[in-house]
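Next up is one chain by itself, shown in structure tokens, the form predicted on its own.
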Amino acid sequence: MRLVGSAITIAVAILGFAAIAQQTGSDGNQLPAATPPSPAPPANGSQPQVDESALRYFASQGDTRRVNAEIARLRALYPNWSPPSDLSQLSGNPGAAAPDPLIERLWNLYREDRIAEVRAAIAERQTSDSNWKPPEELIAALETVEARRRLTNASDTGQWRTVLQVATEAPSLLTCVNVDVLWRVAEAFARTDQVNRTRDVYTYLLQNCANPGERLATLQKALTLLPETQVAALLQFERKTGEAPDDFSSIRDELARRRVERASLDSKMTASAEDLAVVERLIQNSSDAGPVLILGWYNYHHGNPARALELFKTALGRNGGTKAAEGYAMTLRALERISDAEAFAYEWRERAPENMKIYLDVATALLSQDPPPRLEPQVLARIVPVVTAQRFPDAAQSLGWYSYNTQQIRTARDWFRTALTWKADDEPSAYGLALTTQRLNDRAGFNAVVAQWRSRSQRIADLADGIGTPGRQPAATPVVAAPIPMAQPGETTLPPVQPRPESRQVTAEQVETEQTFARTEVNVRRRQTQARSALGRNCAMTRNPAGLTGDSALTRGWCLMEINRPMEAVAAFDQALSTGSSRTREEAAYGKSLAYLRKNLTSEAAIAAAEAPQTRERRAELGASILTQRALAAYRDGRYVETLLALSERARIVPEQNDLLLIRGWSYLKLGRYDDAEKVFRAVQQTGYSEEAAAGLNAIAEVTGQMRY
């Protein structure tokens, strides 16, 4: 395929923009209107008159890359032109006219990528000599470079439609000489929901471009943007013969790994023996923990916990982190090694929310065994503080039953009460509270439970009526157990907040809220990092969250936030809101609000925050963030009164940091409140922001005619 055909075909057939007026050239190829028709070949069939000055210059410089690019450009302009068979002929031509020194200088600047200087030199020459014209080849080369820069800059900043527009206007860029441009165009199609055109670009590359490294990189990029079925279809273009054959085995391995990974998360899906063998080979050929974790979870969910335990242990040795620890603890529990699971999970509980959840689940399972085990005092001393700090009602209920079955009735009563405090509709804890108050002859306590629960719990009603048998009795053989303490409420100690210089007094509640914000920010970053670690490459794959469970959708939402795709995260959080538990819905509403805030959509963020109940700390955090963005938006628009109103409302929630104080000062200045502005700038000046504050004080001095610093 000639390059003229490839460049124009991809511009028209793939880009398909109306801006390209489709014309048909003499060779049957469609031509963009912006490209002049190829000159008709001479009647005698000789070579057309082609300006080879640029080609000659690049050859003389030994610049092979630009020689090839220029050959491609000339072929696109002159289909009947062929380059000399011996490129060394270009370095010198005895019959050629002496080169213009300015032209040589212009090409030299072009070669050094000093495009602005080339344009300036051309303009200067045309000013002094209105009849002088630069070579058409040089102008075309400059336009190509400038178009490539515009396209690259648009791609780097995520302006995808601009990428496609520039590609439309400069179809000569779309050749194998500019593979990076083609990759960027393909991504622009994907980011504008035109995945089939992304596939077309990759197909063109694999059909026409010869560099093996670029061909493999094309498929690697396709893995991040295309559905796996389309990636698999692209494998048909693998070249197994020739001087530089392809090796797409790594792509096939990745597709197999992904199939096993999906099956590792769903016990109803089964991976083929071939795909499993691929993952086994990946484990043997690398020290990466990823394939080990995939096979570990596959075995865990497909009834082979013994093999899963081996794999998770291997993953831990390969720095598999929190996900490996989660799998190891869950597999120990599946193997009914619950004491071992509790001891192991305790060491990892603080590493990630998932690890804390596993520890609480394992501790609950340990306490719930029948008959109750003889737990050492140090085990209970581990469990109780964690349960109390996490306010986990299931474990509190299990501590109640464990206490009840080990004849610690008063402690059992206290734990059942605690569980109900954390989860008011927990009927088993209410039943346990009824049993323990009855055993302790606490008539008032028993009657209170019955009055509240008689209509909702048949067994509590039966207990009050003296019929039926209590569901959980003390063990037949009393167990000698260590006393179980009731944990006292503890306080989390955070670093003290530095005093603020502003005149407004900072309240204790504001300080506490600011500390909570710092802690929340750390937790959010940890959630995002863990979610991305859990999903791996699947996080970057475009996927409709519909059909995901609440927890899976929530994890995907946090992962998308980690890779800065907040609007896709909104869709995942919406799925979690519609299908998740109350705790999941709370997290999803919080994450959705943060996603909208990241896009400066403050009204949407406020609405999202109200979709599920939030803690006081989170309400304050989201409120402060929303007010911050509203203040910044108002300031950018010159609405200084609204800026001050938003900042003042925010200051009632948390202390005002220096950057916002500066905005407050400039708003006062713009409104002519110079004394207020001066107070703010001087307060900021005391904190080390001397240059920024001094600029504000200087501005006041210029307006008022008084030196104020």
Partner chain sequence: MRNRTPSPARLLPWIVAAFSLLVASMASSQSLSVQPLNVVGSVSPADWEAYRSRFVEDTGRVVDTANGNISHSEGQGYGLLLALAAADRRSFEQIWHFTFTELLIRDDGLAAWKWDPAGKPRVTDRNNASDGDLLIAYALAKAGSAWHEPRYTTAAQKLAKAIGKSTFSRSGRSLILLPGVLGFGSGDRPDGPVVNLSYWVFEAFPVLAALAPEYEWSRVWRDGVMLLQQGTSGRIRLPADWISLQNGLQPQPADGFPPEFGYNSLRIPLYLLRAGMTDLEWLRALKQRWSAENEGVAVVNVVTGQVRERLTDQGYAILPAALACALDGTPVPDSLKTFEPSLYYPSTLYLLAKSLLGEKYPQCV
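Residue numbers count along the first chain shown, from 1. What you are looking at is a predicted structure, and each value in this text was computed from that prediction instead of being measured. In this text, the rigid core denotes the largest set of C-alpha atoms whose superposition between the two forms falls within 1.5 Å.
Although not depicted, the form predicted together with the partner chain is the subject of the following passage.
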Checklist entry - Might Asn108 be said to contact the partner chain in the model of the complex, defining contact as any heavy atom within 4.5 Å? => result no
Checklist entry - So, in the model of the complex, is Trp160 in contact with the partner chain at a 4.5 angstroms heavy atom limit? => result yes
Checklist entry - Any of the heavy atoms of Asp156 lying within 4.5 Å of the partner chain in the model of the complex? => result yes
Item to check | Any non-hydrogen atom of Glu347 within 4.5 angstroms of the partner chain in the model of the complex | outcome: no
Checklist outcome for this item: Within 4.5 Å of the partner chain in the model of the complex by heavy atoms, the stretch out of 117 to 125, 365 to 373, 548 to 556, 458 to 466 is 117 to 125
Checklist entry - Though the partner chain is not shown, can you say which of Glu427, Asp266, Glu146, Asp247 has a heavy atom within 4.5 Å of it in the model of the complex? => result Glu146
Next on the checklist: Only one of Arg439, Arg150, Arg598, Arg75 gets a heavy atom within 4.5 Å of the partner chain in the model of the complex. Which one?
Outcome noted: Arg150
Checklist entry - So with the core overlaid, does the Cα of Ile139 end up 2 Å or more away between this form and the one not shown? => result yes
Checklist entry - Would the C-alpha of Asp425 be classed as shifted by 2 Å or more between this form and the one not shown after rigid-core alignment? => result no
Item to check | Core-aligned CA displacement of Glu112 at least 2 Å between this form and the one not shown | outcome: yes
